[in-house]
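The chain below stands alone and is given in C-alpha cells; this is the form predicted alone.
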C-alpha cells in the first residue's frame, strides 16, 4: 500500500513513529504556517492588514470548508475556540427543565457530557447514561433510555477509549421519534471518516480541530440545523453576537438568523485560518480515501497485536470499527509498555488499563511493522 500523502506535508512524522491522532494529531504544515503567518502579520502590522473588514470576514472561509466537510451550507456553521465552549453555549440555550432528561453514555468523553450535567444542576434535569464496559456501549442501551421526556441525546460519534463508531442515523431516528434533539461530538471522527449530516439527520454537531482534522488548538466548529438557527438563544454572548458586529451600542442585541449567533467573541483568529487550511487539505486528499487507508493500517496493527498475545478492546465488526485500536497484554502492565514505546519514540496513549493506537494519513505500513517489532521485543 503506497503512502497516502507526501511526508513533507507533515514534517513531524520524521521525528517519531507517531500513532496518536486520537489524542493530538500531527498538524498539516500548511495549517501551521497559516497560524504563524497571521500572528506575525498582526504582531508587525496591527490593524493595517487585519482591519475591520478582515475581522468581520475572518470566519467565512472556515464556514465554507466545514460546510463541504459535513455536506451542509456555510450559514449552518458556527466557529468557536473549542467544542466544549460551543457545547456549553448550546446546553444553556436549550436548558432542559426538571421534567426532561438528557441521554448519553457513561464512557463518553467528559466534555460531551459535562455541559449538560452543569445545566442539569441548575434546572434539575435528569441525566441518563447507558453503561459501557472497556470503552464500549451497546447502542440498544442508549436507544432504550430515550422516551417522550428526552430533550437531548448527546453522544460522541466515535468513543474515545476503544474507537467504537455509532450508527448516527439509527440513533437519530430513535431520538426524533420522541421529539428529542440529537447532538453529536465528532471530534474523534471528523477528518478520519466521512460524515454526511444530511443523511444522518443531525440537529447539532461539534468538532475540534487538533485531532483527526490535523489542525491547531484553539478553534472548533459547530453545525446547527436550520430549524434551530432562529430559535435558540446562545448561552454565551459577546460583541460578535450582534448581526451587525460593528454597531457597538450595548443596549441592543439582535442575533443573526444563522448559526453565526453562536459566534460571540474575539479569539486567536489565525487558528481559524489554520483549521480552514487543514480541512481543505483533507478534502483534497479525500475523506473516503483517508478512512479506507487508516482502517487498513488499524486492521493490520490489530492482527499483529493479536499475534503477540494482545487482547483487543476495539470493536471488530465492520460497522463499528475505526482507525483506533485499543489493546492490553495480559502479561504486561500497559503503563510499562506505553512508557517503553515512548522511550523508543513510538507515540501512543494509555487510556485506563489499555494502550490506544491511532494511525492517521501520515503513517504507513512500515510504521505499523516497526511498532509491532518493538512491542514484540518488549513482550
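Only a predicted model underlies this, so the values are computations on that prediction, with no experimental measurement involved. Numbering follows the first chain given and starts at 1.
The next section is about a form of this same protein that is not shown, the form predicted together with a small molecule.
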| item | value |
| --- | --- |
| Contact check for 166, 294 and 322 against the small molecule in the model of the complex, heavy atom at 4.5 Å | no |
| Heavy atom of residue 83 within 4.5 Å of the small molecule in the model of the complex | yes |
| Heavy atom of residue 281 within 4.5 Å of the small molecule in the model of the complex | no |
| Heavy atom of residue 260 within 4.5 Å of the small molecule in the model of the complex | no |
| Distance check, residue 116 to the small molecule in the model of the complex, heavy atom within 4.5 Å | no |
| Stretch in contact, per heavy atom within 4.5 angstroms of the small molecule in the model of the complex, of 67 to 75, 143 to 151, 262 to 270, 179 to 187 | 179 to 187 |
| Residue among 89, 112, 105, 276 with a heavy atom within 4.5 Å of the small molecule in the model of the complex | 112 |
